[in-house]
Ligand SMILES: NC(=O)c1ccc[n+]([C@@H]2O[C@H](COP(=O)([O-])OP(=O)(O)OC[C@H]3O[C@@H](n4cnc5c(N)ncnc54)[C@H](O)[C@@H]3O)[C@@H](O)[C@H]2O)c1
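Form predicted on its own, single chain, as structure tokens, below.
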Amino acid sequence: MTIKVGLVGLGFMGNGHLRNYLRLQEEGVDVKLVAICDVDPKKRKGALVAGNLPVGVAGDVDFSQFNFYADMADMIAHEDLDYVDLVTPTYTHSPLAVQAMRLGVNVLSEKPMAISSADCAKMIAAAEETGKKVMVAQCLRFHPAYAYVKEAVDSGHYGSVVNASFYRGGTTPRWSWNNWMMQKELAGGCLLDQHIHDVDTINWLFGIPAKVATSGQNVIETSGYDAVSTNYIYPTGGVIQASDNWTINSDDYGFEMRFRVDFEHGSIRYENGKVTDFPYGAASFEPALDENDGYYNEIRFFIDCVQNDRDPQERLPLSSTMTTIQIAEAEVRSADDGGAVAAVTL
């Protein structure tokens, strides 16, 4: 059957999701983006939002093929949708997801799961109540480079992890609707919006840390922490660290993400879009990886779950993405306390 999708939010990331649906349709995947919902009337005419990643340009999509709505409930009432794809401001994720589930449709929601763990719990309760399929689009769990290091961690073929370091950084996201990303109470700052990718990766790769110690700096008055660095403390050892900064306002910097994971018997590095594997005592090599990115893979996976009545939580449990938010909340407490060690409370 053809999976019918309603896209909610056509900002920068919504534009990226849109293009993946168009690509999937061109590839013959049995999915159709039938409707778009956005509160900004300019989006009806194809106004697209630029950001720090290349996702296309205005004018190269025929928007007449979509039905447009300003209200998600109205869209669900008038369209025969299998699921909605929520690409909306962080503070709306939980209320919109809960509303959509109760209106009878499945939900794919952009990260982070919600603005707080309390809101995450509401999403989980609604999923249990309605039986709808729900997945948070933590794209690095579907990114080939990160999947490669996940296999190395889980298989243990290089032994235990000794040290791991993750970094992401880029220009300040001033392109958001009504500048919501620069409002701490709406977006949670760099820590919850951008750094959350690495928080989730660390949770996925290594499990839940017992404690965290976070340094944070506020540069933009209204936004929360704009630069952060966290040490993750595990009782089993391993030196795990992640940092992020979204104040790099060079005209041509764009965005960067990288990692290095050192094991007892090897290292894996991801830098400049390339994975290099360093087996100790042997020559380094670049593994052959899936050429599709995490955004494409996560959407393709969720479509498959809806088409084949599979539960996406078997691969990406909501309880796990909620734990990611709880780790981030511990980081905020630590940063607020001048970098003092804070326990992760579940």
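No experiment lies behind these values; they were computed from the predicted model shown. So that there is no doubt, residue numbering starts at 1 and follows the sequence shown.
From this point on, the text means the form predicted together with the named molecule, which you will not see here.
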Does any heavy atom of residue 238 come within 4.5 Å of a heavy atom of the named molecule in the predicted bound form? no
Proximity of residue 90 to the named molecule in the predicted bound form, heavy atoms at 4.5 Å: yes
Close approach of residue 176 to the named molecule in the predicted bound form, 4.5 Å, heavy atom: yes
So in the predicted bound form, is the named molecule close enough to residue 111 to count as touching (4.5 Å, heavy atoms)? yes
Does each of 11, 139 and 181 have at least one heavy atom within 4.5 Å of the named molecule in the predicted bound form? yes
Proximity to the named molecule in the predicted bound form (heavy atom, within 4.5 Å), stretch among 193 to 201, 221 to 229, 206 to 214, 146 to 154: 193 to 201
Just one of 27, 30, 40, 290 has a heavy atom within 4.5 Å of the named molecule in the predicted bound form. Which one? 40
If you check 107, 96, 261, 120 against the named molecule in the predicted bound form, which one has a heavy atom within 4.5 Å? 96
Which of the residues spanning 272 to 299 lie within 4.5 Å of the named molecule in the predicted bound form, based on heavy atoms? 295
